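As structure tokens, one chain now follows by itself in the form predicted on its own.
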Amino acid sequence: MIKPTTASPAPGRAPGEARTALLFIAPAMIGYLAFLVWPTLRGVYLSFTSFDLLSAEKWVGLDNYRRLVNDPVFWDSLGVTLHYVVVNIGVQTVVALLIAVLMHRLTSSTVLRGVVLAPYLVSNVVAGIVWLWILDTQLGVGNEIIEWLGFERIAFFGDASWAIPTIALVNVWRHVGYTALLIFAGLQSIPPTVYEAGRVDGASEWRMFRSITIPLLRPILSLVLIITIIGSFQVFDTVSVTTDGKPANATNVLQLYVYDLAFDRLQFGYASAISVALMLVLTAITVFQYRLMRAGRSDLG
């Protein structure tokens, strides 16, 4: 007669370890479901209603999305946001890559890394207010220096052609250190023997940067671009404290338009529809970019 056997725990795993792990994961999981999953699902539902906070929700189907397609303010805000995204990502990526390469090749000082990261510790609101004072047309130190150099004062936040590039550069100043450290971490993963082989073959520094550094940094650069694009499309606080959409809606980015619709006009249904559309666009861009740059593959293997 064959005696029934009892299942034994996996090697190296103590009984009850799974329950203990679930207890540690539970608080984070509850927060994730309560503050991310539920608001997202609620927002998707509201995008199909005419909810205005003062009356019961009324199902309107695709009416909010039809209004979105024919809304000139939405398309203008999307254009302003794209302008900001291009300036912010272009400048930030190039400057961060330059800083990371210089730190990697010239110094290993942790103090310097701390200095580079310091602006990231300042909140967007504080950074916006400080740069608003520095670049003030009449009293700002920045304009005093510009006038001392012999140029005319510039209304950085008051001129329609200057406002978005100025806001983008304020955010570049705050985030470039964090982005540089991400790229620096990627540089640390490149074996020194690869550069030694390049020097033996007589390659110049520029040739090694173009043929070794950039290709081997592709996974981390993909990550940086995805993070930067998502963050750039969500710009709100810096714009709110510096220009509040002015002058003449020249800085009316999408998030500011959504805030105005929801909390000033109480059009939560239409504001939710714009937010859902933005989420879908960002998801499509992320998936396309991930596949295009083969972000999950490394040439080091």
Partner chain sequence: MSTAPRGTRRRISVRACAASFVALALALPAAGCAPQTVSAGDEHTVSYWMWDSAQQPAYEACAKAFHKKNPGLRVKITQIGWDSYWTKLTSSFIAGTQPDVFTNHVAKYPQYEGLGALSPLDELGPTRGIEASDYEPGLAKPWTGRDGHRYGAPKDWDTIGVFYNKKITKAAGVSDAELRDLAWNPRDGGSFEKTLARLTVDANGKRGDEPGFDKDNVVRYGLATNDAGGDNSGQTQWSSFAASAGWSYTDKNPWGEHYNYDQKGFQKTIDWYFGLAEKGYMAPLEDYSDTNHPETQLDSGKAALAMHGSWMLSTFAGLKGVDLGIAPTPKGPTGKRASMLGGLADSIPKGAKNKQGAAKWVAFLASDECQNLVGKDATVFPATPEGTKKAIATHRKNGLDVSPFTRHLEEGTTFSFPVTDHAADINAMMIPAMQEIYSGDSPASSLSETNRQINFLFQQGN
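Numbering follows the first chain given and starts at 1. This structure is a prediction, so every number in the text was calculated from the model and none was measured.
Keep in mind that the form predicted in complex with the partner chain is missing from the display, and what follows is about it.
Partner contacts here mean any heavy atom within 4.5 Å of the partner chain in the predicted bound form, and among 52-60, 271-279, 229-237, 37-45 they occur only in 52-60. In the predicted bound form, the partner chain stays beyond 4.5 Å of every heavy atom belonging to Leu33. Looking at Asp71, you'd find every heavy atom of it more than 4.5 angstroms from the partner chain in the predicted bound form. Contact between Leu139 and the partner chain in the predicted bound form is found at the 4.5 Å heavy atom cutoff.
Though the partner is left out of this view, Arg66 does not reach within 4.5 Å of the partner chain in the predicted bound form, counting heavy atoms only. Checking Leu181, Leu216, Ala155, Leu169 for any heavy atom within 4.5 Å of the partner chain in the predicted bound form turns up a single hit: Ala155.
Using a 4.5 Å cut-off on any heavy atom, none of the residues of 60-83 reaches the partner chain in the predicted bound form.
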